[in-house]
Each structure stands twice: as structure tokens, then as C-alpha cells.
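The data below hold one chain only, encoded as C-alpha cells and taken in the form predicted alone.
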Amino acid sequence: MLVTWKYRPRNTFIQRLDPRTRLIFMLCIIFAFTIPEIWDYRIILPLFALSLTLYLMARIEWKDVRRAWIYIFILVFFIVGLNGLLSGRGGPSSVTNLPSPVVFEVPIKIPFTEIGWDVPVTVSKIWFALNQMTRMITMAILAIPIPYTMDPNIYGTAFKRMGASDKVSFTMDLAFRFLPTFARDFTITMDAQRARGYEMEKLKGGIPTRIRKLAPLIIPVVMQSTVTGEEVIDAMDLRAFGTRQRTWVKDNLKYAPRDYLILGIGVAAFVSCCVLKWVFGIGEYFVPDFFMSLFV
């Protein structure tokens, strides 16, 4: 059986929303960032504040999402942030073209060679890295509460009622359940190896040694995931999935006034970003004077 995230009913405003509302709102904010290419902090920060407000209204306990946030922070700060800080890539070309004072230089050297160079870190790159991290965290804030506060039994129904086909809807349903299922299999395999005396903690050599010791767990976990996938395929074939339009057990989704309110805010945010960028020319990347003055 496929498992789900740590979902449990909560009597909150966010959980009372129609699941389609939350998905559409998240897409509106993501499109607001990406389609008109917004890099102005005066637009990014209000969208961040709006997303954070909705996240806090979900009232998810920290212990439930702590591990997910650790992974996201590692991704955002050490990959997205460092990439923007050192290279300035992944955004508008003005990040590297703007005349900007150099704050410091980072020496980079290829191991076991004499080849190396100093990478200048400018004020423009620092501001770009901060903006890029804020954009990514804003999207994560909207996505993380979904598996913890949305009933897993209505994943497929939500996508179906949004106009997706049965195959796409069921694919998205399985995709939401894959990661927790994989984590469950990995935990069971690791506990079984511990019961057999396989030592994985308190090892000499640090992280590299621990990674090497986890290698024997990969094959059984991958095999179990493959077997689970084949079982799902067989079950779908036995039920003649795809031969005709299927029905869904929970298909009673209805929009309420609160849903129209959130949808209106999401659509208004997207339209406003498009108008500001394409009509008034607001939203391009620039370094504000107050931030520049901190380093000059």
C-alpha cells in the first residue's frame, strides 16, 4: 500500500479551502515570478509576505516539516545562493553587467593542479543572490503545506476537476505519494540492517564513510520501489484503467466564497506583475541605493 505524508485534519482556514484553489493560487504566484521575470524587491517582498501569511494560517507544527525545510534551506542557500553569489547566473544579464564595486574575492583552485583564479563578489551579485533565494523560498512556502494539509484521497480528483485527463490526474496522485513511500521503504530497510548488526552510526571517517556504508541499502530499496510500481501497474490493468472515463470516489468539490477570495488575490497578483512589468516597466533588476550604501 502506498503511504502518504503526515496529513491530518486541521480546523484551519487553509484546510477548508478547495484543493483546486490552493493549487491555482500557487501557480499564480509562480507564474507572477517567472512569466514577466520579476526581479524588483518591491514586488518580491509583498508576494513573500502574502505567501508567508497563508503558510502561518495553515498552523503546521515545526516537527512535521523540519526535515523538509532543512533540505530546502540546503538547496536554496548552498546551491541557489552560492551560484548567484559567485557567478550571478540564473537571472537577468544586468546582474553581471551593472557597474558594481567588488566586496571581496573568492579564490577557486582546481584540486591537484596549479590552475586557479579569483572570483569577484560584487554588490550586484550579493543583492541578486538575496532576491533569488527569496523567490525560491516564497515558492517553497506555498508548496510545503499542500501534502501536510490536503487530504491525499482528493489529489487525483483535484487535478481532474481542474481539467486534466484521467491519466494525468492519476499520475499526479501517484507522484505525490512516491516520495513518502520511498522514504518508508528506506527506513524499513535501514532498521532491518540495524537488527542484523550492520553498523551505520558512530563511524570513523565522517560523512564519506557513512555514505559508503549506506550503499548496501540502495539495491533493496530500489528493488522494493520497482516491485511496488509493478503492483500498481497490475492493479490498474486489472481494473481496465484507461479504456474509458473513470469515476472518482470523492468528487464533491465545490468553491465557497473564501475560495473566490483567494483565487481573486492570486489572479490579481499575477495580472499586477504582468501590468507592472510590461506596461509601466517596473520589475527589472536593480540594486537599491540603501543596499549599495552599505558597501560604499
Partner chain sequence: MNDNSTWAFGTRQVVYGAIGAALYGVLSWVTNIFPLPAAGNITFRPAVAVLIFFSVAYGPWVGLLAGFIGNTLGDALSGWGFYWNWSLGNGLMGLVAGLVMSQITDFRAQGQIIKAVIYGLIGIAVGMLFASLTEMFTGGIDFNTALFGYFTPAFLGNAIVTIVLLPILMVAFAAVASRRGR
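In this text the structure is predicted, and so the values were computed from the model without any measurement. Note that the rigid core is defined as the largest set of C-alphas that superpose within 1.5 Å between two forms. Positions refer to the first chain, counted from 1.
Although it is not shown, the form predicted in complex with its partner chain is what the next lines describe.
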Query raised in the report: At 4.5 angstroms, heavy atoms only, are Ala143, Phe178 and Asp237 all close to its partner chain in the predicted complex?
Result: yes
**Report entry** Contact stretch among 182-190, 100-108, 149-157, 118-126 - heavy atom within 4.5 Å of its partner chain in the predicted complex
**Finding:** 182-190
Query raised in the report: Can you check whether Met136 is within 4.5 Å of its partner chain in the predicted complex, heavy atom basis?
Result: yes
**Report entry** 4.5 Å heavy atom contact, Arg194 and its partner chain in the predicted complex
**Finding:** no
Query raised in the report: Should Val221 be counted as a contact of its partner chain in the predicted complex, where contact means heavy atoms within 4.5 Å?
Result: yes
Query raised in the report: Does its partner chain get within 4.5 angstroms of any non-hydrogen atom of Ile72 in the predicted complex?
Result: yes
**Report entry** Any residue of 31-65 that, in the predicted complex, places a heavy atom within 4.5 Å of its partner chain
**Finding:** Phe31, Thr34, Glu37
Requested in this report: Determine whether the C-alpha of Met190 shifts by 2 Å or more between the shown form and the other one once the rigid core is superposed.
Outcome: yes
Report task. Please check if Val227 moves between the shown form and the other one, taking a CA shift of 2 Å or more relative to the superposed core as movement. Result -> yes
Query raised in the report: Is it true that Leu238 shifts between the shown form and the other one by 2 Å or more at the Cα, once the core is aligned?
Result: yes
